[in-house]
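The data below hold one chain only, encoded as structure tokens and taken in the form predicted on its own.
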Amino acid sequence: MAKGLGEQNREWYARYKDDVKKEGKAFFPRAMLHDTIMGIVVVGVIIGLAVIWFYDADGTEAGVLGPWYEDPAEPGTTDFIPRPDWYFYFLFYLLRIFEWPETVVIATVGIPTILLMLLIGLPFYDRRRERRPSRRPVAMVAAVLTVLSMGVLTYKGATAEETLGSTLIADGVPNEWAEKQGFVGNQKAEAGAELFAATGCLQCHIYLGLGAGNLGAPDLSEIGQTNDVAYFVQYLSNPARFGNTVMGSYSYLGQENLAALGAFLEASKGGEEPDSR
């Protein structure tokens, strides 16, 4: 008759106690001492590297481990595309797969939380002593699929192409928008088109087929059919006032630039001739 799980656990525990008595390798304090020593070594190496980095470098002059700091960050730059650290690339790309806002919670909360709970619960629902990979097909298949999926998502996230505003301007894309939307000669709208390309709006929005379409940001190709310049200026100044807590404020651009962006958005009617005003 097969032994119950409780009886097996008692036998294993008794065997463990016998091994401890014979070989003297108790978890406490032997294993804990080893972990403590290793932890001290790791922390010591980190502190040592930090000391070498600090005293070997001199301001912006690089030492063996690099400089203290580089050129100050430019908050007004339009050529920098923020990206996460490489170990978050799989989550970064996972967000591109799910549509905001209906399913994005699956990528940001659902999948990572489920996988984490399964990992935390592993010692409780898998209590067998067998640890040979060949005898654990389910665990091995799950591990291989997890590694493969994270590897593919990391690669896709690392190689995902982003659009730089300076590249769009150099390629004459704002002029193409003006021709397609019919606001050639409208100086404010043309200036707004260049601002729209330069300020990174396409990192979230889509305009005439260009852009990322992230975070549920709408396609703005025909946005001019819905509102006027004054509305767009107010919206860009404080999106939260209109219930948009995802988009940041563009009030730092100043009223002149906001007016240009508003004129551009108001002239964006999906290729229709704008009203004469």
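The structure presented is a predicted model; accordingly, all values stated were derived computationally and were not measured. When you see a residue number, it is the position in the sequence shown, counting from 1.
Absent from the display: the form predicted together with a small molecule. The rest refers to it.
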{"item": "The small molecule in the predicted bound form: contacted by all of Gly200, Leu236 and Asn244, heavy atom 4.5 Å", "value": "yes"}
{"item": "Heavy atom contact within 4.5 Å of the small molecule in the predicted bound form, the stretch among 178-186, 122-130, 108-116, 191-199", "value": "191-199"}
{"item": "Heavy atom of Gly216 within 4.5 Å of the small molecule in the predicted bound form", "value": "yes"}
{"item": "Val229 within 4.5 Å of the small molecule in the predicted bound form, heavy atoms", "value": "no"}
{"item": "4.5 Å heavy atom contact, Leu265 and the small molecule in the predicted bound form", "value": "yes"}
{"item": "Interface membership of Met150, the small molecule in the predicted bound form, 4.5 Å heavy atom rule", "value": "no"}
{"item": "Met140, Cys204, Leu91, Ile169 - the one with a heavy atom within 4.5 Å of the small molecule in the predicted bound form", "value": "Cys204"}
